[in-house]
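One protein chain, two forms: both are listed below as structure tokens, the first as structure 1 and the second as structure 2.
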Structure 1
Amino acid sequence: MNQILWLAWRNLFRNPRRTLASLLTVALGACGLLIYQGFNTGIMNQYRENTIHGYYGYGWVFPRGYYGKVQEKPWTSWMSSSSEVESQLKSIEGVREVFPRLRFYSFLIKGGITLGGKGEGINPLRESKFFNQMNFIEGHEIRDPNDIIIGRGLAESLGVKVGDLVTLMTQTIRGQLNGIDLNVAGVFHMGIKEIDDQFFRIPIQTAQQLLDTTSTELFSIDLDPKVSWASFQNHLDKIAPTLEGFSFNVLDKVYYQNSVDFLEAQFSFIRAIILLIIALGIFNTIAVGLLERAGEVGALRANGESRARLWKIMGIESILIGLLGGFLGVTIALAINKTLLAKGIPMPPGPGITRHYLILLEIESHHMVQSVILPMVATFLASLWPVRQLLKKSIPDLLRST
């Protein structure tokens, strides 16, 4: 076997022009495959970071049976012992922080304009450290119990800016009308139209006062990235069976999970096209090269070489070309990433997004392995038919081809 491998290796350098053409075909395909995979991963990770650090965290914890159901009186299911639940959640391995939230609907009044909005009571000190994708276009985070931050679309519709007073009018859990004047501390732009056009945030203590309750609706979770949501959920089921959690990809199925599924399907299709192009290019190069080697193969056959041995030598040659071309393509892709694409690729807003992104290629080790192995397999498969056709010929036909 070592002798066959050595012969196959030496054959690569007997015709440098032919070998170089084959290597470049494979290398360009491997390079394109790796760059596109890194680009695709960069987009998905950008979506992921925006989803996690913009709004959802790694997931939300609700009272069991609460999420996904229309509640006539949702406050009856809220968590009244918030501090106890918080302690339970923080005791779970991998939980770094929890963020209590209270969601409600309210009218926002400014001058003669009255609009409905979706409000959230939050703990601003905790949230500002983790949720760093709010993208304030004006002002800053909540710093005072009487502060409010508003989505850009909602702020524009109300005609408010930082420093203005806005009146919130809502109904308490007892059915009474309650209101409060708040100072606009900031205007944010998350890039998700539904949030930017309807959402606002106030301190959770202010929200509880407004709704006349001390309960908490849900907790957003910050997990150690090494801990999976499934592991967190298993621990949660054991220590707090009255609670249930949902990961961010479930909560944000429309904007995150559907986008990821679409990009994965798109990449699989484009990867198949790239591999087909590699295979066709290699097929053409190898077919032409084998015609040139017909006389050589005929002489080897006449000297007693078996078809099986020649099959092995030529098969190993194609594998070596695929491997070398794959490594060359990976090297070229890494060089392009460090030079031409080092500052990222500006992208327009994606589906459901209103904010531009700067995408950096995120090339991972398994991407490089994939970009070597797949072109190698494509090269080997593309060589099978030309080699078979060549070795089927009789010795006299081969020798006449010289």
Structure 2
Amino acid sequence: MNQILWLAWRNLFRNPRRTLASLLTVALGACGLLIYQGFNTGIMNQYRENTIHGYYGYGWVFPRGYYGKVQEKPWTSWMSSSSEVESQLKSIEGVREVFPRLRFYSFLIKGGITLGGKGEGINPLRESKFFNQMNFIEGHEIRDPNDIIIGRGLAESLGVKVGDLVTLMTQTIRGQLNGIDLNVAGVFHMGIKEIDDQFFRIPIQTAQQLLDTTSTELFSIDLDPKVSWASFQNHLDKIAPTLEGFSFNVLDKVYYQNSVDFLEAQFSFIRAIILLIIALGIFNTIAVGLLERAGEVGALRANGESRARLWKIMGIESILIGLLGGFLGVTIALAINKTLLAKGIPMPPGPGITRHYLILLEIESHHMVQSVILPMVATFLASLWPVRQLLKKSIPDLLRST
């Protein structure tokens, strides 16, 4: 085997220009593959960050059987003993913070304009530390029990600005009308159009007062990224079987999970095209190189060299070209990432997103391995047909080829 490897290695220097052309073909493919994969991961991670740190956290915990069902009287399922649930959740390994929330519908009245909106009672002190993807166009976070912050689209429709008074009008859980005047502290956008056009936020105590309840509808969870949601869910099932959790990708299936699935499918397709380009690009070079060796192969076979050994030598040659080209491509991609693309790639807003992105290539070690292995396999496969064509020739035919 050592001799085969050594012969294959030496054959790479047979025609240095041709070998260099092959290496560059593979390297450019590997480089493109890695950059595109890094870019794709960058987008997916941006989506992920936006989803987690914009609104959802790592997931939400509801009373069991509550999420995904139409509730006639949702407050009957809400968690009345909020502090006890909070303690249970915080006792689970990996939970760094919990964010109680209470969602409700309400009319917002400003002057002669009345609009329906989706309200959320939150703990502003806790949330402002974690939900850092919320951008304030004007104003600031909630600092006072009488503050309200409003999504950009909703604020524009109402025609409110920071410092204005807005009246909320809704029903309590007992069916009575209740209202409250709140001061607009800030106008935000989270980058998610659906939220920015409909949402407003007030302190959870104010929301509970407005709805005449002391309950909490859900807890958003900040989880240590090293702890999986499945592990959290297992613990939750054990210590609080009346609760159930849903990770952010389930909660935001429309924007996050669908986007990720779409990007992955797109990447798979483009990866296949890149590999095909590598294979086609290198096929001709390999075929020409092998054709020139027909006489030499004929002479070796006439002297007793076996087809199997020649298969191995030529196969290893193409694997070496693929491997070296792959390493070269990964090196080029890393260099490009550290220089030309170090500041990221500015991107327009994605579907359902209202913000521009700056995508940084996120190259992970398994991407690098993949960017070496896949072009190597493509190179090897591209060599199979020309090698087979050469080696299936009879020895006299090989000798006549020169």
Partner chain sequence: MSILYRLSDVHYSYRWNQQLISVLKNLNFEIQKGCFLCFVGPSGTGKTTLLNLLGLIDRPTRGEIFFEGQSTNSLSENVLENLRLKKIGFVFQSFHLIPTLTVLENTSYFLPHLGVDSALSKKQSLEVLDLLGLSDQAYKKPLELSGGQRQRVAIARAMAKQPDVILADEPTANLDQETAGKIIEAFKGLQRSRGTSFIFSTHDARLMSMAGTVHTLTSGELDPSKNPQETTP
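One-based numbering along structure 1's sequence throughout. Every value quoted in this text rests on a predicted model; they were computed, and no experiment measured them. Here the rigid core means the biggest group of C-alpha atoms that line up within 1.5 Å when the two forms are laid on top of each other.
In this comparison the chain labelled structure 2 is the form predicted together with the partner chain, and the other chain is not. On core superposition, I395 has its C-alpha offset by 3.1 angstrom between the two structures.
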